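So this first bit is one chain, no partners, the form predicted on its own, shown in structure tokens.
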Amino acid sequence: MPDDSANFETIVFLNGASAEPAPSAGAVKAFLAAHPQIEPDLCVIAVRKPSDADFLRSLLPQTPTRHFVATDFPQLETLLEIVAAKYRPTLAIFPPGLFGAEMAARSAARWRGTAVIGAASFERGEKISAQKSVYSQNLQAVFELTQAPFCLALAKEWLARREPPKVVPPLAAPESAASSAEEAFFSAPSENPPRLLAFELRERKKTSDLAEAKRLLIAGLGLEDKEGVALLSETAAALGCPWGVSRPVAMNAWADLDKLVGVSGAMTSPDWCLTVGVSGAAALLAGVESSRRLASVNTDPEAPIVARSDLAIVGEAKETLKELLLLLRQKNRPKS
């Protein structure tokens, strides 16, 4: 896509209806300060009521125009309908967090554009690209963007780099009084949209941190399929420890990427680690070589993982897990 400055419109979207809008607004301002080539044309802010704008003005980035959209929170679907119908920028920037990720992904779908969730940087020249962390934050990937609008939900790292709040002396005129930005207010319906029948807020449970685990069960391609991963999970539960997988298992979608161990995932140092069906590729070995005790199960006695192990069992991964699970169940069975 050519760098046509005249037709390249940039809009910043912020959630002023959140309990703490300052951190996300500061993250966006820090991102813009680090990317001086991005000049926002418009800032769109979701608010609960128009009077909230008085507090929010000092938090907002400098833009020629500001639009405040008043809607009950959480009314994401209503806000999406307004945004999709009223705006169509070339570049849309959303803050870090759930609000930004939802708005970026769903706005891109409605605009038939491109979304990047967790964007660390943005480059605009002969080619347009965005950079983000992948593989559990262990790799920085650059994605070329070709289908506008480009919707960026910023990475959480920008929250740590956010601009500090400005301290305004008590007798000083409020910053909003000196603002030269043109402003407009829009009100969204206060009732739930017809397609939203109900909503429930649930706290997301944090998964086990493989990097901090003291005991660990790891499996590789020798599991053969998703059923093997289910057996792995059941065995790990009986052992009372978290489990992880090698890269081929994750790439086959047998397990989530947050279970990945090795240079592309978690780097671990447990007291003991048991690997099953793992050949011992260098990428995975780097993630487990700091284990105090390493045991392995593999059909190949010449596999690299066997040479690194304190204890090695030559056998099938699934069959060994089944036998281990049976022994654990017998051990854990309540005595009559």
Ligand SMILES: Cc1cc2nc3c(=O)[nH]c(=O)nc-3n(C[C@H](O)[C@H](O)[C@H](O)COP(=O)(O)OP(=O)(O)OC[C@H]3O[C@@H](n4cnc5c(N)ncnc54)[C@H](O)[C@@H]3O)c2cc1C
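Not measured: the values here are computed from a predicted model. Throughout, we count residues from 1 along the sequence that is shown. Rigid core here is just the name for the largest C-alpha set that superposes within 1.5 Å across the two forms.
One more form of this protein, predicted together with this ligand, exists but is not displayed; see below.
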Handout entry: Whether C43, D52 and L91 all lie within 4.5 angstroms of this ligand in the model of the complex by heavy atom
Key = no
Practice task
State yes or no: in the model of the complex, is some non-hydrogen atom of D300 no more than 4.5 angstroms from a non-hydrogen atom of this ligand?
Solution key: yes
Handout entry: Close approach of P23 to this ligand in the model of the complex, 4.5 Å, heavy atom
Key = no
Exercise for the section: Decide whether L274 counts as a contact residue for this ligand in the model of the complex under a heavy atom distance cut-off of 4.5 Å. Expected result: no
Practice task
Report yes if any heavy atom of P248 sits within 4.5 Å of a heavy atom of this ligand in the model of the complex; otherwise report no.
Solution key: yes
Problem - Options 261-269, 228-236, 108-116, 142-150; stretch whose heavy atom lies within 4.5 Å of this ligand in the model of the complex - result: 261-269
Problem - Heavy atom within 4.5 Å of this ligand in the model of the complex - qualifying residues of 216-249 - result: G220, L221, G222, E224, S246, R247, P248
Problem - C-alpha of A17 off by 2 Å or more between this form and the one not shown on rigid core - result: no
Exercise for the section: Would you tell me if E224 moves between this form and the one not shown by 2 Å or more at its C-alpha, with the rigid core held superposed? Expected result: yes
Practice task
Compare the position of the CA of D300 between this form and the one not shown after a rigid core fit and state whether the shift reaches 2 Å.
Solution key: yes
Practice task
Taking the shown form as the reference, report whether the CA atoms of A155 and M267 lie closer or farther apart in the model of the complex; the distance changes by 3 angstroms or more.
Solution key: closer
Practice task
Looking in the model of the complex, decide if the C-alpha atoms of K156 and P248 are closer or farther than in the form shown; they differ by 3 Å or more.
Solution key: closer
